[in-house]
Structures are given as C-alpha cells and as structure tokens.
Ligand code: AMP
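First, one chain by itself: the form predicted alone, in structure tokens.
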Amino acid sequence: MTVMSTAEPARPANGTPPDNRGSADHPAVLRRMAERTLAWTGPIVVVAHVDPDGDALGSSLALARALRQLGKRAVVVMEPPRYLAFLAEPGELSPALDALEPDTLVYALDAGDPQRVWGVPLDQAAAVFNVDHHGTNTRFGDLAVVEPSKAACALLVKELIDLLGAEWDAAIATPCLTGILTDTGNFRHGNTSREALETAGELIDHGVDYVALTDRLQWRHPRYFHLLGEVMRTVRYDLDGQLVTAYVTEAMRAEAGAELDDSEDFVGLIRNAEGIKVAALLKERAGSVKVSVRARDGASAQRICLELGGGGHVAAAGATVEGDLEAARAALTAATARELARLREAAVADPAG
C-alpha cells in the first residue's frame, strides 16, 4: 500500500503558503470511501493526530460507533487528554498498535501528514483513507478528502456517516458535536460558519444533551488552576504589543502535579489580550518545545508555524521546535515579526483590502 496519494499535491516546503484548496470533488470521494467501507470485510482502525483534541477524539468516536452499528469491526486507537476522556466508554479506546491485522483499513482523521498520525504503522494497512480540514495536509492515503473551509473534521465525518447510512443517535451525535464545539471555541472563533451552526442543531436533534456536554467540556482537574496561576506569571508582550506569549516548564508541571494536557487551553486565554494579533503558548518537553499559536485580524498562525516546521489553520496552528524555551521563543518571535511585516506590506499594496 502506498501512503502518498497521486491524486493531490503534497504540502509545500516549510515556510511557504500551504495548499488551502479543497479536494477536487470531496462529495464524490466521500461516496467512494463509504462504498468501499461498506464492502470492507476486514478490521477498521480509526486514528488521528498526536496530542488529540476534541475534534480528533470526537470525529474518531463518532465514525467508529457508526461503523460498529453497521456491523463492522472498528476500533479507535488513541490516548486522549484527561478533560476529554469522559467521551469514551470504558474499554472503547485502544492503546498504540505495534502491528496491524491483515486486511486492515485505517481511517486517519484530522491529521495533516503520516508523521502526525499516532498509534499505528500506516505502512501495514491494506488501505488508508485520509479525512481532514487542514490546508497543510499532504493528501496522503489511498483516498483523501481535505477541506480547509470546514470548521472541523467532524463536519466531514458527519457527511461520511450520512453516506454510510448509519442511524443517528445520541451516542454518535455527542462526540461529533464535540468536534465542532471544540474546534470553533464553542462558536466564538472566526471559523464558525452557518454550516457548523446548522449541523450542531441537527446533531442536538439526535439527542445530544447540549447543556450537559458544554458544561462537562469545561471541567478541569483542581491542579489545572494551580498551574494556570504559574503560567499567567510568565505572560510577556513583544513586537509593540502585537505578540503575547506564555510558557509552561517541566518544573512547573512537576510542582503542580499536572500532566501536559492540563495546559492545552491556556493559549486560548492569553489570546484574549487586548491589542494583540498573535498569541502563543510554549510548552517545554525533553529536548524540545511545543508551540501553540493563535492569530487574528489577518495574521496567519499557519504561516508562522509552517516556518517553524509545523502546520495547522490560519487562526490556530502548532509546531515542535528543537532546543530550549528561549531558542523557541526567539524563533517564534522572528517568524511572527515576518508575518506582521507581510500584513503591513499587504495593507500598503491594497489599502481597501
């Protein structure tokens, strides 16, 4: 099985604009996926990207539950963060697999390239179906549907489940709605679309307890708040107040008794700082720093993170930078300065734009 698809272009080199076009005919490709899936007699493994978020887990659970309802042998391979673990039933998630059974179909959801897929050896799959909404997706797999215009991968999974003919119920609709909620920031982010809102309403009609779900998604372990206090002390403004950063060190996590996933939404808090265009949270790991970036007012988190070796969306992206915190912050600041300069040049070239 060849991991790269010949039907779509690969991602450009780091630092160059990604291919934000959608798949040539994503409804037709989704229909082919559904047809091949319905005819598939072997096991089906659903996976997503490393450090899964609500869209990764929600999309995966919704699809796997729909497949099992249709009589397929489907499993989700994932280790979600603590605050999302309530979505899965006991024993529903599998740890990483060292090997795949013969004739295994792998669905890779919300993952931009094969290196970002967690938990399975893709080269052992009989087929790989790639469903994603990141413009930086390399269009890998035997079939690939990549739609950057979608607010969440869960919207594509919703279309796929409809094509599969599964019967919607609360068990399938709840994780699917979770994917939409988390990737739109509960409908506050700029990617919130009419489609996202209308699909959310449809999923609620399938039995989702919306109030309970949105409340539960905000729960955090008590240690989260201790770590939050430490992180907020590191807030710093650069580039004439247009860049705000904060960081989490391994020592801070150890003192708070907090796991890395307890800091995942801190960047959303500092993004609310008045006057900034770019917010970034730097999370220290052994030998590297994970950088989570959010942007507004025309700035592109995607461009910044591509320059750092990562990827993502225009409004939200991430990268892993080798080295220590100061080196990572210097690289981030330099990449952000270039992105802000690009914005100024674009404004001069097109004052009306």
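Residue numbers here begin at 1 and follow the sequence given. Keep in mind that what you see is a predicted model, and the values were worked out from it rather than measured.
Beyond what is shown, the protein has a form predicted in complex with adenosine monophosphate (AMP); the following relates to that form.
The stretch among 315 to 323, 25 to 33, 60 to 68, 38 to 46 whose residues place heavy atoms within 4.5 Å of adenosine monophosphate (AMP) in the predicted bound form is 315 to 323. A heavy atom within 4.5 Å of adenosine monophosphate (AMP) in the predicted bound form is found for exactly one of Glu147, Glu230, Asp142, Glu264: Glu264.
The contact residue chosen from Lys72, Lys277, Arg116, His189 relative to adenosine monophosphate (AMP) in the predicted bound form is Arg116, the criterion being a non-hydrogen atom within 4.5 angstroms. Taking the partner from the other structure, adenosine monophosphate (AMP) in the predicted bound form has a heavy atom within 4.5 Å of a heavy atom of Gly311.
Taking non-hydrogen atoms only, Lys158 never approaches adenosine monophosphate (AMP) to within 4.5 angstroms in the predicted bound form. Contact annotation for Lys290: at least one heavy atom lies within 4.5 Å of adenosine monophosphate (AMP) in the predicted bound form.
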